[in-house]
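Here you get one chain, nothing else, as structure tokens; it is the form predicted alone.
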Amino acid sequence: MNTSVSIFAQVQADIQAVEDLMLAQTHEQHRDLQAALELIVKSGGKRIRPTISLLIGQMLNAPHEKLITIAAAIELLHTATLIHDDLIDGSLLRRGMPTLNSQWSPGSTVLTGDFIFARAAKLAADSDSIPVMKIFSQTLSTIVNGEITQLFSARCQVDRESYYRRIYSKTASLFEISAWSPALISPADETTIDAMRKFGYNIGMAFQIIDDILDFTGDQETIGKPVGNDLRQGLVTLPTLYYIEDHPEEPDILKLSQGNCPDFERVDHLVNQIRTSEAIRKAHQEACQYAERALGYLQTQTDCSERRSLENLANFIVDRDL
């Protein structure tokens, strides 16, 4: 059986329950809100974050109903961030489907994202867990602060620490809460709870690094945007950072290292140079190191089907589409 299929099959029924609860958040609301959320929820995606929550919750004997609620809250939070991201980036497609902002006005799109944020917070509160509510609000603040930072000060910034902070805000924080929250509502001890938080953090960092690699190695039709789109937008990701370190004297790199974005006509050349260089292998190796650290935090748990699925998920994340 395909490894990825077996991972998600284990929680398929619960994933359906999560999606049903997400869709229920627009019941008795404006019909356009219902249509918008239904379109987004049914547009696909592997539901990696709720899968992590469900597997960890089952492994740690978390209450089933609250586990479904938390998983839905986090996936709704993720959904709302995508709506706003697509509007900010001017993206017209996501997973080959038209984005909400391609069909609605900016105001309507923002308000829809706001509504989904609010319903996500309501579901987090329904967990009846103050610690979960606290980290939910912290995560939302982290995501928004990261977006503001990216908009105002991340353009053509050649700095590893800034890059790691950015991908934590953008991606790893959501993986972290996906692993941390189910542990918090379970009977697990503090050591286990912290281990699950660190598992989520590391697997989230690995996930975003792989996304940044695929931005260079994928094809436009598959990834739904131009190859090297991040660099074209002035975002310096890990493959570019490795290329800069390996080729510090190249004219394009000297310019970039000084905080100046490459000229429009030079971007294609630089993207092609990076995608065929050792920088891709080095970035992938770093993603694998994050995944290995994530796996280490699972070793304290008794061997069970959920732990094995989480291990397979970590490997799936760093191997996907490369």
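Don't overthink the numbering: it's just position in the shown sequence, from 1. Bear in mind that the values here come from a model prediction, so they are computed numbers and not experimental data.
Same protein, other form: the form predicted in complex with a further copy of the same chain, not shown, and the subject of what follows.
Under a 4.5 angstroms non-hydrogen atom cutoff, a further copy of the same chain in the model of the complex has D128 among its neighbouring residues.
Shown alone here, L111 lies within 4.5 Å of a further copy of the same chain in the model of the complex, counting heavy atoms only. Within 4.5 Å of some heavy atom of a further copy of the same chain in the model of the complex lies at least one heavy atom of L140. Q29 belongs to the set of residues with a heavy atom inside 4.5 Å of a further copy of the same chain in the model of the complex.
Listed stretches are 140-148, 247-255, 205-213, 163-171; the contact stretch with a further copy of the same chain in the model of the complex is 140-148, by a heavy atom cutoff of 4.5 Å. For the three residues L33, W104 and F115, a heavy atom within 4.5 Å of a further copy of the same chain turns up in the model of the complex in every case. This chain lacks the partner; the member of V158, I193, V227, A121 within 4.5 angstroms of a further copy of the same chain in the model of the complex by a non-hydrogen atom is A121.
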